[in-house]
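Okay, so we've got the same protein chain twice, two forms, each given alone as structure tokens, structure 1 and structure 2.
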Structure 1
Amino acid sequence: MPTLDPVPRSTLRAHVAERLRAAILAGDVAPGAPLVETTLSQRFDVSRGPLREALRQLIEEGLLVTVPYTGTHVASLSVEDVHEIYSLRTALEVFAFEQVWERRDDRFRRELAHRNVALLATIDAGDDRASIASELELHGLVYEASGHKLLQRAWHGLRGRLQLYWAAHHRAHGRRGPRRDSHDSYIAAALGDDLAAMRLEIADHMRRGVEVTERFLRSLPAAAGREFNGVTKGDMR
């Protein structure tokens, strides 16, 4: 029998990070819930090393937070968070389009259309997690094209909270992903010639559905004290 190479630690980390990310975005583990390393290590059947690497990755993504003397928790998502996400995203995306507006070329337009097609495919497939990732890629293009490193860093730091927001937003509306036509006017404005119209569209795009999501968040029970225990070893397959 040939010798088999051991599974790389990075692969174990990726598996654990993916399972935790999926559970968080599905709402199986609530915002604010604490994560206990010993419990996770047993349920994933992995050592503490790859587990801690996975937790660090999700902390960098903004899905988890570490509080000194308290431990690691799923990032909270309050009504105030929704308002902050809305206001910051609006300012960032307007600024990003202002940076690239005169430099939008055929490559930018083709890539924007391509990412929209990819998003529509995930919506048609009813794949909520994939649609969240595709929506991030769609909105991320203008930040990538800006070449503005601090702006890109700010966008990267916001992505994790956006994933939590969008997952809650979809559950608030009782659907698996955004509406199919939710980006039609955004794409049209981004490909158009009126920067003022783009600014207005961004503000309107960010505002859509916020009140429904706020009501949904207010209806959630408190997550304090609920440890993450919804993953079994079989989920690692």
Structure 2
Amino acid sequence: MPTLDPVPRSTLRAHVAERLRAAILAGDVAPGAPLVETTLSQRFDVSRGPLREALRQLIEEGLLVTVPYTGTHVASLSVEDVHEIYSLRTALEVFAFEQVWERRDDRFRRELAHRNVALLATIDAGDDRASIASELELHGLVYEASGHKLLQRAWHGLRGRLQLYWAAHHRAHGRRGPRRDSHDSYIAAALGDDLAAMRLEIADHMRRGVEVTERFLRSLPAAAGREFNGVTKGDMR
């Protein structure tokens, strides 16, 4: 049954942005890697105009950084950035649950359970990339259910940076996907009736997320320092 919603207007910049974003988040292009406009425009078979507009969008999303007349490269997150992502995400997700809490219905609960089993399936299949996507889908539910457009917008901004971080983590470290039991308490709290417990659970969940970063950093040679995303001075240029 085809939907009869308005067909999305399509522009080159939108397609380019989508493709390029996917490439970055998939880790196909490393953090810190330079992006040359002429090269990219040839690769995508598009002129520099639409390409540049796509680049601006990804810059806004925090996936790229640019210096006028000098160049743009894939953003590389610092340790502080990762801490900021998780701390702000904690605040947003708590807020999202506060918005949704009294309006949770069967549809919400079923969807939550559904996304959880989907996550477990990708974990069991050993598919890292898919399990990361599934985890984001799971956490995304509460934002969708909130019906809060600005909140969703903020979440998308954070989600992009999170994916960038995970892609870099995966690239540099080889990542096992999330542990199989990592969301049990989260789901339980989200289905339960104790909002305060949910707040604590979110904070704890994020704390565990940050902990992975810390462990990862300690496992690196000390010289790697703060900018850990596989960037060495050599390949910045």
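What you see is a predicted model, and the numbers here were worked out from it, not measured in a lab. Here, rigid core means the biggest group of C-alpha atoms that superpose within 1.5 Å across both forms. Numbers follow structure 1, counted from its first residue as 1.
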Number of the structure representing the form predicted on its own: 1
Cα of L63 displaced 2 Å or more between structure 1 and structure 2, core superposed? yes
Displaced residue check between structure 1 and structure 2: T122, CA, 2 Å or over, core reference: no
Return yes or no for R207: a CA shift of at least 2 Å between structure 1 and structure 2, with the rigid core superposed? no
Angstrom shift of the Cα atom of E37 between structure 1 and structure 2 (superposition on rigid core): 5.2
In Å, how large is the C-alpha displacement of E53 between structure 1 and structure 2 after the rigid core is aligned? 8.8
